[in-house]
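Form predicted alone, single chain, as structure tokens, below.
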Amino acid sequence: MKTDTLYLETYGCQMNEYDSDRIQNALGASITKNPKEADIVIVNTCAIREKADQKALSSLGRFKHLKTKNPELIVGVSGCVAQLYGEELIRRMPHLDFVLGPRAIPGLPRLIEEIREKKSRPVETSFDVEEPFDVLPYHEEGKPTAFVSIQQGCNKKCAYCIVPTVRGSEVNRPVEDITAEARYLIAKGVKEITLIGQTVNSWKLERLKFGDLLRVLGELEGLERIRFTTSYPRDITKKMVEAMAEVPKVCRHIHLPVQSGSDKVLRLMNRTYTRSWYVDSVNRLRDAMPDIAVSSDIIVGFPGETEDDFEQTMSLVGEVGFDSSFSFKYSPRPGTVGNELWRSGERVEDHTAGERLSRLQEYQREITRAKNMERVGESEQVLVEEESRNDSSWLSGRTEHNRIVNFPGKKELIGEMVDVEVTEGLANSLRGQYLN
């Protein structure tokens, strides 16, 4: 029996990357980078911002001519846009064969068989899936890093966020399944795993909480580093901080989205914490781990944000001193409270939001560059991940603080933990010299 060839495009966050690997494993298909060679084309989509879902829909439209030339080609859409629009996508796109929500991935082989046998165009977007984690992701032998999903969905109901709509309520994965997947990855050469979830540190099951999970994984032989993303400020507990500080394999980095420095905007966003709560959480982490790196997410131009609110965000960035941050203009998403505020006239004009975003990003670049320059002359332990994208005679990896380091070296070092002396601090990365 011929093995299918799959062309797979992925948009969005780490959860989508992980889901794409699960799609590949579920189908057992060989991967092609040329859609003209494929038996199956799948676009795995993101809906977190309007531009992201427009890009995904535009990508789907590109395959219409391929379907015309090859009627046996199966074209599908998965991920958050699939979940959000469902049947509407089938109506709008005659060349589309199926729509698959994130939790329906385990049923994908059956879906493909049904399409071929019955010539149907199924839409699978139910959250009522018995085993949402049933399919493990494909992992390339020898690749030193990997994601492990410990959670699906989210219970937080932030006013700007569409994730609960497209990924459902929070479902936490059993610790036995998490450790089994970690062992499977370690056997394939993985030295660093990143635990992923929408609010990863809210994970709990029976009497175990996130701090307990970190301790369990810290005992796994062969695993050298543990990361996790994305964390929620209200779920920074004493138990979690203690585990981070006491488990040597947990990296000294946390991604902790703040979204705004204004208490008024945080209330409008339904973030359930205040600015002072957030700063206190960061201080507790730094008291336990003085060298911890902190990164964040920030939204500019949320409905109702004034210039004073924005200046409070700017002052928070300076007060906390983020090592890096991801910042975006607010994007209205259907069915969210933020969208209703935006429609009611509370919107911040696009040019104003754009100007604020530029100021924020420039300020953050200055802070990041200064922190990177402070590392010059220091020796950093780096997990070498790949050849540099710009020059194959250089290698690229990350420190435990999640700083990217580029340095000259041979590809045989990929997958190794090496010491690198930092020689240059740049805006977004470090350069260094491998210490033999």
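These numbers were taken from a predicted model, which means no experiment stands behind them. Counting begins at 1, following the sequence as shown.
The form predicted in complex with S-adenosyl-L-homocysteine (SAH) exists for this protein as well; it is not shown, and the discussion that follows is about that form.
The contact residue chosen from 152, 262, 230, 325 relative to S-adenosyl-L-homocysteine (SAH) in the predicted bound form is 230, the criterion being a non-hydrogen atom within 4.5 angstroms. Of the listed positions (40, 48, 405, 60), a single one reaches within 4.5 angstroms of S-adenosyl-L-homocysteine (SAH) by any non-hydrogen atom in the predicted bound form, namely 48. The shortest heavy atom separation between residue 197 and S-adenosyl-L-homocysteine (SAH) in the predicted bound form is within 4.5 Å.
With a 4.5 Å cutoff on heavy atoms, residue 190 does not count as touching S-adenosyl-L-homocysteine (SAH) in the predicted bound form; it lies far away. Heavy atoms of residue 313 never reach within 4.5 Å of S-adenosyl-L-homocysteine (SAH) in the predicted bound form, leaving it off the interface. Looking at residue 297, you'd find a heavy atom of it within 4.5 angstroms of S-adenosyl-L-homocysteine (SAH) in the predicted bound form. Only one segment in the set 119 to 127, 237 to 245, 328 to 336, 141 to 149 has any non-hydrogen atom within 4.5 angstroms of S-adenosyl-L-homocysteine (SAH) in the predicted bound form, and it is 328 to 336. The partner is not shown here, but in the predicted bound form the stretch 141 to 177 reaches within 4.5 angstroms of S-adenosyl-L-homocysteine (SAH) through a heavy atom at 160, 161, 163.
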